[in-house]
Each structure stands twice: as C-alpha cells, then as structure tokens.
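Below, in structure tokens: the form predicted on its own, a single chain.
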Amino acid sequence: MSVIEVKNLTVKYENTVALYDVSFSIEKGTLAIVIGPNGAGKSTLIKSILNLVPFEGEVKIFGKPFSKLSKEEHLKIGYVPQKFNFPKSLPITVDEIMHLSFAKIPVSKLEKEKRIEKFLKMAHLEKLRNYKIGDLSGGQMQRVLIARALMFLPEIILMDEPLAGIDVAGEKTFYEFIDSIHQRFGITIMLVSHDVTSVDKYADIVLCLNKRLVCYGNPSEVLTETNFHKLYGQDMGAFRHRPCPKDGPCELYKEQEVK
C-alpha cells in the first residue's frame, strides 16, 4: 500500500526549475532516503509533499492531496525540518519545546507528561529536559525535534536533512536511532541525507535526485557507478560499507567500475 504518491511533480521558482517531472511512490513502513548534490531539489521535494510550495503535477498522502486531509490525518504526519526556527538565544527549555506540540490539541496534563517523558527517554534526552535549547548540541537538538514528531505516533515522518551540522560520529549514532524508531513502530520515514555512505546500510528505498529522479529503488540495485556518475558527476564513485571489524573502525570502499 502506497502512503506517498508523487506523479509528474514539477516545481519552478520564477525562471528556475527546482524539480522536473518527478514520479515515485513510497510503500507503508518503508525507510526511504533521498540523496543528491547541493541544489538538487531535495528540500523542495519534502516541501512539495507537505504542500508548502506551489507545484505542478500530483502529490498524494494516504491517497489524498494534502489539502484534502482531515485534522486527524494531519496528526499522522510528522515533520523534522533541516533548521530549527527558534534562535538559540531564546531562553526556552527542552520541556517547553515539547509542550508546544500540544498547543492546539486537547490532551490532559497527565497524558502530556506521560508522552513527553516517554519520547524524551526514547531519544536519550530525559536528563536534558530542563536544559535551554542554546545549550544543546546539533545532534541533541535534532533528537528533540524527532521526539516531538513522535509524540502522536505518526504513520509518516518526513525529515529534511536532519544530519546537517552533525559530526561523523554523531551521524552513525543518529542513523542507529532512526533505524530503531523505524523497526520499533513501523513508521514510514522519508529522510533527506548528504551522507551517501550510510544509504545501503539503513535504507529500504533510495531516491537519487538531481532536479530529475536519476534512480529509485533498492540501494543494492540502483547505487551503481553509472548512476553515481549521473547524480554527482564523473569524479564521484559508489561507496559502500565493508563489514565492521570488532576491534577497529568501519571502512568504506569504492566500487570498481564494471567494464
């Protein structure tokens, strides 16, 4: 069952084409990762699905255009932005950020506390509940945003490059966290990433985007040298994980081009 359907999606900003004739579908329970170079339209794709930018073509969630979704269906969609809109100088705590999610939703005080405690604990943030957001690292802030998105147990979570500003060690931990959420709740996750090395380890489906959809499908099948050349240019090869040794760091290797 497809929970996200995109057909012939085209997005133009004045005289610039951000996306052209993009079509794909995402099945329920899938972890889909969107990759591509800077300016490829990855963020625009997420915004189009959420009906945040004007577009041509057709986008459906749960079989309906976003504008036709009910209030209950809106709650089934979580969104984690690339950038947090609150300035870090704002004297607001993690707890207060979490409570903002309930601003327009009638939930008892006890239920609010239960949900906040549960999902902060799941994100390993329970000890940071009273910290100000300005004291959090980039990875901790992203975990707060994901914990917020999870509080209503959505069926879909869209993440617009949540790894921006996170170091390499943090990226590994973050992907493990996302994978645990996916496995535990069966949530459909669509994640924009600049880290191509983790795609075939975690993704069920990969979407290769550079204005157009360059490739789409199972990572082991579509992450070929040819597709990487189309996506990033001739200097970019396809990188994959070697099995991680017990007493050493994980390694990457570049695939040899098939003659």
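Quick caveat: nothing in here was measured; it's all calculated off a predicted structure. A residue's number is simply how far along the shown sequence it sits, counting from 1.
Separately, the form predicted together with a small molecule exists; it is not shown, and the next lines address it.
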From 37, 233, 29, 65: within 4.5 Å of the small molecule in the model of the complex by heavy atoms is 37
Answer among 42-50, 55-63, 220-228, 195-203 for heavy atoms within 4.5 Å of the small molecule in the model of the complex: the stretch 42-50
> Within a 4.5 Å heavy atom cut-off, is residue 211 in contact with the small molecule in the model of the complex?
Replying inline: yes
